[in-house]
Ligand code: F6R
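Before any questions on binding or motion, here is one chain by itself as C-alpha cells, the form predicted on its own.
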Amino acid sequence: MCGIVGYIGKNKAKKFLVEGLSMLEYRGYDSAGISVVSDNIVKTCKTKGKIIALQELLKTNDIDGYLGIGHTRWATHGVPSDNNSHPHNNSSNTISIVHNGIIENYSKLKNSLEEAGYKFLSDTDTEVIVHLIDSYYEGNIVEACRKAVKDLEGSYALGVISSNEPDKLVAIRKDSPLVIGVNSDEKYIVSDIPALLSRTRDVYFLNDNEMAILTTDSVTITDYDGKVLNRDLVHIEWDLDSASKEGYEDFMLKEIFEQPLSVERTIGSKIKLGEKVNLENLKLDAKSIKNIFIIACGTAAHAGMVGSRLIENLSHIPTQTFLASEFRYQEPLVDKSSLCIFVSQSGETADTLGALKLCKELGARTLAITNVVGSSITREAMDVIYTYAGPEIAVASTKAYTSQLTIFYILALYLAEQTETLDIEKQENIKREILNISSNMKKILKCLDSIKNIAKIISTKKDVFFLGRSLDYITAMEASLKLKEISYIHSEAFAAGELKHGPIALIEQDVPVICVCTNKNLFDKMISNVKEVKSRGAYTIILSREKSDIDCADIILDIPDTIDILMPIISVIPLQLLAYYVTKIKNLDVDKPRNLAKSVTVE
C-alpha cells in the first residue's frame, strides 16, 4: 500500500504534491518522490526515507511546473532505495508514472521488454509499466495507457504524465483506491481523501477498470475502451482526522475491515485451481527437509502455531513453533537439513532476528515471512515470502496476522505438492476454499450488532477466559492476547481438554468464558467442556459455525462455514472486533495501548 498524488492547474504543482504526500505518509514511508513537467521534460526528485528527506532534497533542486505526480512508498518489490523509489520514468524522461498496487505478471512483461531493448534501473514491478506505456506511445498518452493496462495483471492505481502532452494528467484504477479532486482551475488525484481536504471537498471516485483524463478545466472518466462514463460529483464532509482513517474511528477498525483485501493481495496469483502453487523465486526441496522450526513472537507466534499444524498435516514434515525469546537461549536441534521459518510483521523484531542469526550459524535453511521489504530479517534470511497487508498503524496486529495465516496455508500446500502427501481432489478443495476466504471474511464484517452486544457484557468484567481445542485453541490464545493488550482486562486462554487439570478452579459465578467451537471432529467434546463450565456458573459465549446444534450457551455467535483447517482465519475476526468494541466502551486508546510499541526492536 502506497500513497500517490497528482496535480494539474494554473499554480505550481510542487507545493500541493509535497503537502499531499505528507498527508498520505501513513500509507508508506520507505521512500518518496515527485515528477514535474518543467522546461519540456520530466524532472524527477526522489529519495529513500520519509517525506522530510524529500523536502530537504527539493530545497536544492529546480523542479517546478504546472503538471506533476508524487509518491510515498510502502515497498513490495525491491528494497527501499533511491532507485526503487517512485516516480519511474522512461529512458528519455518524457513519461513518468506513480503506482500503488502489485503487478503479478511483471516478470513476464519485463523479460519481453528487455528483449525489445528496454533497460531497467530498479527492482520494482512498477518500472515495467512505464516502459510498457512507452512501447505503445505514438503521440497520444491516453491511448498508450489504454493499451498498456490491458497487458497488466494485478492491482494498480496509476498517475501518468508526459512532457509531450503537458495539458493532461492520466489516472487509472484497478483494485487500488484513487480519488479525483476538483477545483475551478485545479484538478488533483490522490490515494486517500486527506490529501485533498486543504484544497477541495468536491471529488469523483474512480471505480475498477476506469481511467480519467484530467486537464486544468475538465475531468473525463472513461472505461478502458474509451467509452465516456457519467459520474456524480461528491461533496466530502469529513474532518482531516477522520479522513486519514477513511471514515473509520480508529486505525485498528480500519485495518480489521481491510483484511479481506489484504488476504486477496497476499494470495495474489500464488494459487490457481488446476495449477501448482506459485511462490515465485522460492526453491525448496521438501523431500530434503528433515524438520521445520517456526520462530516468532506474540501474534506472529500464534500464526506460526497454526502454520506448524498445517505443514505437518498436509506435508507430513515434522514442524514445531517456538517463541523466539525462548528458542535463542536453548540448544535447538537445528542443522543443515532443517528449515527455519521466521515470522515478523515489521521484520525488525529483536528476538526473532537473533534467532535467525543463530540458525544461520547452525547451517539451517532460513525463510522469512514478513510485511516489510528491505527489513533486517529479509536481509539476513536466505528466502523471503512477503505478505501484502500494507502498513499496519495500530499496535494490536489484525490484518498482518491473517495475512501471515494466508501465507502458511499457501506454503503448506507448496510443501505438500513436493512430498506428494495430498491427493489432487483434496488439494483442489483446499485451494477453492482459500480463494473463497475473503468472501467469508466480508460476511462477518457485515454482522456487528451481536458482537457489540457481547462487548457491553465483557466490558464490565475483570476476568475473561477463552477455551478451544486444536486450531481453535490457537485462535483462543490470539483472541485472549487481543483483549488483554488493548482493553487491559485480565484474560487467559486454555486448551479445553486441560480444564480438569487445574483451570476449572478459576470458574465462578458469571465469569465470561468464550468458547471457540469450530472443529467438526471435536465438536461434541468441546460442547461437553462448555457444559462443565456452565454448570459451575460461567456465562458462556460460543463461537461456532452457522446452524450448529448447541443448547448450552448464553450467547451463540455464528460464523460462515468452511473446512476445518481454514477456520482460524475466519473465527479470529469476530474476536478482534470484540476486543475493539470492549476497548471503545471503556474509552481507552485503541490504536496505542499503554506500555506497548508496534515493533519490539530490543530484548
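Whichever C-alpha set is largest while still superposing within 1.5 Å between the two forms counts as the rigid core. What you are looking at is a predicted structure, and each value in this text was computed from that prediction instead of being measured. Numbering starts at 1 and runs along the sequence shown.
Heads up, the form predicted together with ligand F6R isn't pictured, but that's what we're talking about next.
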> Should V395 be counted as a contact of ligand F6R in the predicted bound form, where contact means heavy atoms within 4.5 Å?
Replying inline: yes
> Can any non-hydrogen atom of S438 be found within 4.5 angstroms of ligand F6R in the predicted bound form?
Replying inline: no
>> My question is simply whether R265 lines the interface with ligand F6R in the predicted bound form - judged by any non-hydrogen atom within 4.5 Å.
In response: no
>> Quick check on G78: any heavy atom within 4.5 Å of ligand F6R in the predicted bound form?
In response: no
>> Given a 4.5 Å cut-off on heavy atoms, tell me which of 429-437, 143-151, 479-487, 516-524 is the interface stretch with ligand F6R in the predicted bound form.
In response: 479-487
>> So ligand F6R isn't shown here. In the predicted bound form, which residue out of Q345, S403, S191, N529 has a non-hydrogen atom within 4.5 Å of it?
In response: Q345
> Of these, V160, C359, A300, A368, which has a heavy atom no more than 4.5 Å from ligand F6R in the predicted bound form?
Replying inline: A300
>> Aligned on the rigid core, do the two forms place the Cα of D192 2 Å or more apart, comparing between this form and the one not shown?
In response: yes
> Taking the shown form as reference, are the C-alpha positions of G374 and D192 brought closer or pushed farther apart in the predicted bound form, with a change of 3 Å or more?
Replying inline: closer
> Relative to the form shown here, do the C-alpha atoms of D192 and A394 sit closer together or farther apart in the predicted bound form, given a change of 3 Å or more?
Replying inline: closer
